[in-house]
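Presented as structure tokens, the chain that follows is alone, the form predicted on its own.
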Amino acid sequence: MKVFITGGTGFVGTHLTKQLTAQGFQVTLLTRSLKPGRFLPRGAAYLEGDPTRPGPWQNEAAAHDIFINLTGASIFQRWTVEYKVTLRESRILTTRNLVQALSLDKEREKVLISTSAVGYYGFHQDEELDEEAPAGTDFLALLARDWENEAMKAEEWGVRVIRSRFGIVLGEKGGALDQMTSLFRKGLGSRLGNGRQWFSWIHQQDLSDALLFLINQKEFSGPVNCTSPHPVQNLELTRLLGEVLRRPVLLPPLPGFMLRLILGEFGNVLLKGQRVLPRKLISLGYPFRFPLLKDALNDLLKKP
């Protein structure tokens, strides 16, 4: 089967592409510019095109069976007014153009995995949130809601749409874990604010495995939380990182007001969070490889 991925050259997409090609899928990665020397596993190829703009790439995309949309500007920086526009357009326009490409071949049976995030639910305290919980009302939640609504338009063409809501993806060579471990290895690790905010996470291997698992669930569509069944609070995350890296946490907590001063509105993402559970993956029988954070950290940080 042929898989078309937007955002496939990023941290998540690179790992997912290796997994897909290893299982015999043909993978096409949309990229804004073709650069010589980029490594690709056998069975993968690049297609040049800007996903935020209609173009010839849409005609080639239409000939695929599985579509995975990973495109979106990183949320991990200060959100200026201009950058909020970038966050929205990178998600909404890409999804709109991808759905338009899907409509060009109505005969082929297709599945679209549209990614958003657990930020869909807004900020919460200790309550457990599953896929039935409503969207929040903050900027990130409304962005995730609009992103998903754009993807759902593909259902008009008979496309099976899976709306995957990612937790923080922990993996090698990139992502949030790289940023956290660099601080801990310098002895600068500490909890954020009061440390009681929940951290919903997933190991990169479980994320790739879960997406492949969902592709094969022929009757499944709708929202699905791609998170570990055991989210942790920031205090526990900090303790486990220090333990696995053998770097004692000696610094006092970083005050919330200082984090907001440095990062602005984005600081709330780190200071609040949500306790999200993957009820649908569990009910479908997905077997998590790394349900516990300590096991995930040991796997990712103790490899030679």
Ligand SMILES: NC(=O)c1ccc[n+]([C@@H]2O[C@H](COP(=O)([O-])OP(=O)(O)OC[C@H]3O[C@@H](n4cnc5c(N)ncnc54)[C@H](OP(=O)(O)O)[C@@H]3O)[C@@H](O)[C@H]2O)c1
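Residues carry their position along the shown sequence, with the first being 1. Quick caveat, the model's predicted, so the values are computed rather than measured.
In what follows, reference is made to the form predicted together with this ligand, a form of this protein that is not presented.
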Does any heavy atom of L142 come within 4.5 Å of a heavy atom of this ligand in the predicted complex? no
Tell me, yes or no, whether R32 is in contact with this ligand in the predicted complex, where a contact means a heavy atom of each within 4.5 Å. yes
Check T115 for me: does it contact this ligand in the predicted complex (non-hydrogen atoms, 4.5 angstroms)? yes
So in the predicted complex, is this ligand close enough to R38 to count as touching (4.5 Å, heavy atoms)? yes
F11, A73 and V169 - do all three of these have some heavy atom no more than 4.5 Å from this ligand in the predicted complex? yes
Using a 4.5 Å heavy atom cut-off, which residue among Q233, T86, Q217, T181 comes into contact with this ligand in the predicted complex? T86
Heavy atom within 4.5 Å of this ligand in the predicted complex, from candidates Q58, N268, T52, T238, belongs to T52
Within 4.5 Å of this ligand in the predicted complex, counting heavy atoms only, one of 160-168, 123-131, 208-216, 185-193 shows up; tell me which. 160-168
